[in-house]
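Next up is one chain by itself, shown in structure tokens, the form predicted on its own.
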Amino acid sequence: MKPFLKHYHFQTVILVSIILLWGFGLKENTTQEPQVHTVEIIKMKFVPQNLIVKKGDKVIWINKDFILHDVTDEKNDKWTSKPFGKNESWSKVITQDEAYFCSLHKVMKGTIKIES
């Protein structure tokens, strides 16, 4: 009877291992969905100033200051938001590394890097 129990125990371990590995695989697929990140504009700064995201994630900038700000591509001026006021927001889906600034207040700068 002991060999039967050993065999039964071995099959249980193999079955549980397969289920766990399959479960981790399914979880990995769900984490690849695009995420939403928030950058707040507080006291003339982008917070966080530097952000790491996955390609396809969305970044939302929320202005918490009383004055207007925008978000503009720093390298080539390829994209820009309209100026937005207190508690207004603007968003962009990130497909490449970005360096940006506020064209109304050129000292305000930030970066977004694609996680490799």
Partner chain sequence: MKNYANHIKVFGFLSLLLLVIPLQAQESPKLTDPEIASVAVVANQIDIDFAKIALQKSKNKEVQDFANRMIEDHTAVIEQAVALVTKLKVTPIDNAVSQSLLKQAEDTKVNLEKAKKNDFDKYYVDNEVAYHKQVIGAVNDLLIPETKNQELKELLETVVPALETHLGHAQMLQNKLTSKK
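Keep in mind that what you see is a predicted model, and the values were worked out from it rather than measured. Positions refer to the first chain, counted from 1.
The same protein also exists as the form predicted together with its partner chain; that form is not shown, yet it is the one meant from here on.
Q: Looking at I52, I60, V47, M44 here, can you tell me which has any non-hydrogen atom within 4.5 angstroms of its partner chain in the predicted complex?
A: It is M44.
Q: Counting only non-hydrogen atoms, which stretch in 87 to 95, 60 to 68, 33 to 41, 73 to 81 is within 4.5 Å of its partner chain in the predicted complex?
A: Looking at the other structure, the answer is 60 to 68.
Q: In the predicted complex, does A99 come within 4.5 Å of its partner chain, counting heavy atoms only?
A: The answer is no: A99 has no heavy atom within 4.5 Å of its partner chain.
Q: Taking its partner chain as it sits in the predicted complex, which residues of 97 to 116 have a non-hydrogen atom within 4.5 Å of it? Please list them.
A: Contacting residues: L104, H105, K106, V107, M108.
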